[in-house]
Ligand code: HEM
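Here you get one chain, nothing else, as structure tokens; it is the form predicted alone.
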Amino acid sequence: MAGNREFFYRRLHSLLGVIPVGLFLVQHLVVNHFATRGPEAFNRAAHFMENLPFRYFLEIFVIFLPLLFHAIYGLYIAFTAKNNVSRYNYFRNWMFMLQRLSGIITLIFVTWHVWETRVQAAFGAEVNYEMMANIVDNPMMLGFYVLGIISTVFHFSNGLWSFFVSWGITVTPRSQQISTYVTMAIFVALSIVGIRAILAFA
């Protein structure tokens, strides 16, 4: 019974990391990338997102609750997993360790980002280009955001590889090798989008 529950939680954790959390990450990076076109373009994109129908329902049940479960269960996995990088110098063992480490960094980053944006918006602040520009005006915060973006994108991209394996999409060594190349390409592409966006605010 406990084994079945563990299996279900791990599958749910894997699924939520891609749908909807991963899809939201991609959408969020794309919206932020409008900052490269200037303040007006970003503010229009942000305003469009803020005026979506059923916005609060979507934020709570499609973003925050799935993210909360993924984060809490992810911490459980991170602190109970046994890393073998000191014993076996295999690529996937290193990816396994980095997945757990990036998950912790991502949780810290996302929590801080939500505090600086969504929570402040609840207190009356406007989430716009000027808000983000003021945040990353501090070089330390800019560095923190760059690290957070890279960590978050890596966690999602590498997590896709595990998702494909867990759900039986890539079962052969060849398909898993191809998946490695594809997810690495996704990591590079999304990292470029995210870093270009945050540097546009700076």
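Each residue number is its position in the shown sequence, starting from 1. This structure is a prediction, so every number in the text was calculated from the model and none was measured.
This protein has a second form, the form predicted together with this ligand, left out of what is shown; the following refers to that one.
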- request: Answer yes if any heavy atom of S162 is within 4.5 Å of a heavy atom of this ligand in the model of the complex; otherwise answer no.
  value: yes
query: For V21, is any heavy atom within 4.5 Å of this ligand in the model of the complex, or not?
result: yes
Distance check, R100 to this ligand in the model of the complex, heavy atom within 4.5 Å: yes
query: Even though this ligand is not shown here, does H33 get within 4.5 Å of it in the model of the complex, heavy atoms only?
result: no
message: The chain here is shown without this ligand. Which stretch in 138 to 146, 36 to 44, 168 to 176, 62 to 70 comes within 4.5 angstroms of it in the model of the complex, by heavy atom distance?
response: 62 to 70
- request: Find the only residue in V114, A121, I104, M131 having a heavy atom within 4.5 Å of this ligand in the model of the complex.
  value: I104
field: Candidate spot S14, T152 and F156, all three touching this ligand in the model of the complex (heavy atom, 4.5 Å)
entry: yes
query: If we check this ligand in the model of the complex, which of the residues in 45 to 82 reach within 4.5 angstroms of it by a non-hydrogen atom?
result: L67, H70, A71, G74, L75, I77, A78
